[in-house]
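As a starting point, one isolated chain is supplied in C-alpha cells, in the form predicted on its own.
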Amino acid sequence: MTNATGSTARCFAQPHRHSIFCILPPHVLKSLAENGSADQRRRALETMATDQTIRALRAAMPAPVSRTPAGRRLLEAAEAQKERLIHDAKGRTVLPGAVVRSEGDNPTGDVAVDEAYDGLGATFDFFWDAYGRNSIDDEGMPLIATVHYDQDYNNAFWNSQQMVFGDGDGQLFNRFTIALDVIGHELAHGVTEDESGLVYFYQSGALNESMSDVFGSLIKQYTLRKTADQADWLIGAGLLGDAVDGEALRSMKKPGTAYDDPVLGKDPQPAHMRDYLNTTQDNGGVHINSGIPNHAFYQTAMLIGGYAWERAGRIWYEALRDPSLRPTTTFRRFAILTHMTAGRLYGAGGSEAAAVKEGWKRVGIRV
C-alpha cells in the first residue's frame, strides 16, 4: 500500500497505530521556539509543523495487517541477508526520494548517505549477531532510509516504514546521521512495535522510548566492542553543534546531565521514581521519564559487567518479546518481567537476576 507521501508502507503486527518516533524530544523544540534567535525559532516552528503533518498522515493510513506465525517460521531457517536502500529527498519532503545507494554499492562520497547506509548495516548486524533477529521484523525486512529531508530539518524519525534524516541547522544540531545510536534508537522502535506494541503514552510510552535508547546504546557498544564500564552511555553524542553547552541528547549513566544550555534548556530527565514527572505533554512525558528505566538498565549492565549486550541486553530483549508483556505495561510490571526473565535465562538465584533486582531498586522500583 502507498501513503499520502508516496512511500511504500510496511505492515507490522500491532493492535493500534503509534505516532511517528522522533529522536528530538518536543521539549527541546519548545525551548528552541521560546529561547532561540529569530532564525532558530523559525526553524523550530517549521520542524514542529512538519512533524505534526507527518503524524496526521500516519494516523490516516490504513491499519496494518497482522503477520501470521507461519510466515515467520518460513524465514527462521533462512540466513539473514541485509538489504539496504538509501534515498535522497534533496531538501524536499516527499518520501522516499531518489535512490542513491543500494545494498553492495560503493560509498557515494555524500557523508549523510554513507553514514545512513553504515548505520542501518550496523543495526542489522547487531540484532542478527547478538540475538539472531533477522532485521526489524525478524523476517528480513529491507532497511530503507531517506537523507537530506526538508531544509535544515532538526530531527530524524522512524515512521514504521523507513528512517528519515534531516541535515540539522549546522548551528545547534549537526546532521542526524552522525550518531550511530540515534540510527539504532529509531530502528529499534520498529522492533518494539513488531514485538510488543507498547502504547506510546505515559509509562508504557516511556518504556518504548527507553527500549530504543537501550538498543541504540548497545548497537554503538557492539560496533565499538566496548564493555559496560568503557561505554559512554550517551544517546546522540556528536549530534549537538559547537554552539550548544552539552554532550548529547540523553545520558543513561547520569540522566538529567546531558545538556544545560540557554537555548535548549536543561536536560529534564529523572534518574529515580521520586522525581517522576506527571505531565500530559509529550504523550505523558515519554521522552523525559524514560530516564528512569534507562538508568535501571545502566545500573544492571554495570553490575553484571562485561559486554552489556550479552546478558543485560539479552534479558531486556527477551522481556520485550515475552507474551505476557502488555501494551500498557508499567515500569514496575516491566521490572518484574525482566527479573523473571533473568531467572529463566540464567537461574533464579544467579548473579544476573540479583543485578536486575538491584538495578531497579536503585531507581526506586522494587521487584
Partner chain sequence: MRTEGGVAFFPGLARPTVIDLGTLSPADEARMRDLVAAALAAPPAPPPPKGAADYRTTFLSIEDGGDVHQLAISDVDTDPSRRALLDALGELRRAMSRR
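Because the structure is predicted, anything quoted here is derived from the model rather than measured. Positions refer to the first chain, counted from 1.
Here the subject shifts to the form predicted in complex with its partner chain, a form of this protein not shown in this document.
Enquirer: Are all three residues D167, A231 and G238 in contact with its partner chain in the predicted complex, where contact means a non-hydrogen atom within 4.5 Å?
Expert: No: no residue has a heavy atom within 4.5 Å of the partner.
Enquirer: Where does its partner chain sit in the predicted complex: which of 216-224, 110-118, 275-283, 127-135, heavy atoms within 4.5 Å?
Expert: Heavy atoms within 4.5 Å of its partner chain in the predicted complex occur in 275-283.
Enquirer: Go through A179, M252, A206, A156 and name the one with a heavy atom inside 4.5 Å of its partner chain in the predicted complex.
Expert: Checking each option against its partner chain in the predicted complex, the one that comes within 4.5 Å is A156.
Enquirer: Does its partner chain get within 4.5 angstroms of any non-hydrogen atom of F297 in the predicted complex?
Expert: It does not: once its partner chain is placed as it appears in the predicted complex, F297 has no heavy atom within 4.5 Å of it.
Enquirer: Answer yes if any heavy atom of L172 is within 4.5 Å of a heavy atom of its partner chain in the predicted complex; otherwise answer no.
Expert: Answer yes; at least one heavy atom of L172 falls within 4.5 Å of its partner chain in the predicted complex.
Enquirer: Could you tell me if K266 has a non-hydrogen atom within 4.5 Å of its partner chain in the predicted complex?
Expert: Yes, K266 is a contact residue.
Enquirer: Just checking whether E195 would be counted as a contact of its partner chain in the predicted complex - the rule being heavy atoms within 4.5 angstroms.
Expert: No, E195 is distant from the partner.
Enquirer: Could you list the residues in 178-199 that come within 4.5 Å of its partner chain in the predicted complex, counting only heavy atoms and keeping sequence order?
Expert: Contacting residues: H185, E186, H189, E193, G197.
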